[in-house]
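Quick heads-up: the structure tokens below are two forms of one chain, split into structure 1 and structure 2.
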Structure 1
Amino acid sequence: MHPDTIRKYIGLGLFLICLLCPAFAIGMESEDCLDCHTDTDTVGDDFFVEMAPFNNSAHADVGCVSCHETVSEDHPNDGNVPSRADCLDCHDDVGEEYAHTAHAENASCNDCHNPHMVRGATAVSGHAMNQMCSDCHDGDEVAESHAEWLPQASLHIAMLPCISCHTASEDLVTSLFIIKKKDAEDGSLELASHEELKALAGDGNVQALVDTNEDDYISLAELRMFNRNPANKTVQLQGMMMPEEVSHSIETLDNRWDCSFCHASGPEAMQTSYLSLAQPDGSFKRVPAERGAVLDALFGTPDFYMVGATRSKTMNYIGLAIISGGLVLPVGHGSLRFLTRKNRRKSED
């Protein structure tokens, strides 16, 4: 082979190595970080990062060194304090929206969001969303302030994520969570963890507890089977209306003050629903459910009932039968008297 050709191949090889090395370095640096920061004995509680939640977070693909740029190969022996990226470096549009809210002066991004566990709104439970709010807002005070205008304020607050009302999102859906049955006077509910659902499922798939044919679709018949299955006596379904997308404007839209936004016959927000299943890393997987499933109180979600919204075909038929039965006597009696009026006149003569 000609020497010039050899030099060209060597040059091309060195060029490719230069391109690939940074990528490998970033990957290795992230792995090296997690080797230590997933062990509390090594880094302590303050710098501990949970492996599974981080690997499934929105920031996992970015890599540790993208936010902590000053970390060197000699860390932590170099004595330097690692830098931390400003969230606005990537989320400037969110920052601009958030800056115009009352929260901006009182809470930073990290006060609500753990950067090592950030997920999209559809992968987080409504309970976890409310937990972030309750870190600053006392539940009793919130219930008291809402009770000035909202009927059964405590029940609403317990059964809805705060951001279902305090967000600019117009698109709401109903998420069905599997919770543990317990009698609590304050209406508090506790989610069933993945480990608890796994124990309930035994050798089967957790999703198959409801999605029996495992076709990634929850039918009304499958919801009925789950509700009636004696093996599921320790758990139940809980429906929560949640926004599809979360804004950081924290504003209350005018339609949220209108009770008919939720309490109407078949509102759009309850036509679309998903089963949200707890995953090993703490996130939730959504499985689409049959359209309008939560509107069937008896067979769909018996523990999800909203006055004026939830309808049951069976109860409609029973009500129709009661009304029809009530009309039989007066209508029948009146009709009979009308048809026999001539006979009664002759008998009177």
Structure 2
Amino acid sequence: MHPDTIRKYIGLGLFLICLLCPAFAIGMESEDCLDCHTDTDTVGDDFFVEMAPFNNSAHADVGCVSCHETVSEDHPNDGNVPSRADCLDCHDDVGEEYAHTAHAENASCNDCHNPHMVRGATAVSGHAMNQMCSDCHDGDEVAESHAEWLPQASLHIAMLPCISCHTASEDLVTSLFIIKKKDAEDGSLELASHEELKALAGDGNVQALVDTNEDDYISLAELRMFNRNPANKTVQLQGMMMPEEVSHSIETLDNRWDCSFCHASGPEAMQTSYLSLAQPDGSFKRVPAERGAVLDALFGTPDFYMVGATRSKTMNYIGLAIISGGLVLPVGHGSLRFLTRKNRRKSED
């Protein structure tokens, strides 16, 4: 279903719910709830809800009461435990898709999503997506089990959200994230936060770090400037292959087991790319980049290359010319040798 239609239905649904349940929690706005629930002294750690992430989440407009319908005027003193909405009430299409997978037995919606912090897939970093899985699937163990058949397993897992391989979504695009060295000693990398980018930008506009002319479009020239700027040596661009549309059919697919699903799809699939920028609220904003940016040898990013898929056509021809050059001697000399074979036989006698 198109998101807009979903929104319309949900809006209508919410309207009906409000009509049908006037008895509950009249007047209690999300802000009222948050007055207490953002204060650990009042609600303790277990019932703490973070303010900013909620207000910036896709559920902000849904409001607390829509999901906790039975919360009463007297809450929390009424002794009732407010109800929790089932995600399927509003997201039945996703629910249906997920319910058909074996994984539905292993994890519920809430195991992966915090209902108070949900965001659309394009606003979530690949790192955060993997965080969802790593609560149950230990990162080191996954790297180890995948290394049994996957060359460069750690590199793959760092550059690919698990769902790019483990769901049916086939449209992959490249998102460039700005990452930084965690600390000088160990070389491990992590996403640069909005604050860190802000510091790097000298408290200016973070997007202008890369999008110098702030036209909401990343050109190759801008990428080159970013990659070459010595002021940016603490950060780098990491290309991640993200599904353009999220599917919840979490499973192990045979075609992902076949490396050429990605490694042969060719430059066409690699043409679309975005810069994903950390926003103050922790979400990510995608800025489209010039077509073929990640393919460009000189400007795109020094850290992105996929064997098979991002090969350069010009280089193919140069390679072919060199190899053909190696055949000139055997073929040319060989023919003359054949024609003059009598001379050598004579001299042997």
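All of these numbers come straight from a predicted model, not from anything done at the bench. Here, rigid core means the biggest group of C-alpha atoms that superpose within 1.5 Å across both forms. Here, residue number means position along structure 1's sequence, counting from 1.
Q: Tell me which of the two structures is the form predicted in complex with heme C (HEC), please.
A: The chain shown as structure 2 is the form predicted in complex with heme C (HEC).
Q: Compare the position of the CA of Ala60 between structure 1 and structure 2 after a rigid core fit and state whether the shift reaches 2 Å.
A: After core superposition, the C-alpha of Ala60 moves less than 2 Å between structure 1 and structure 2.
Q: Superpose the two forms on their rigid core, then report whether the C-alpha of Asp254 is displaced by 2 angstroms or more between structure 1 and structure 2.
A: Yes.
Q: Cα of Asp138 displaced 2 Å or more between structure 1 and structure 2, core superposed?
A: It does, since the Asp138 C-alpha is displaced 2 Å or more between structure 1 and structure 2 after the core fit.
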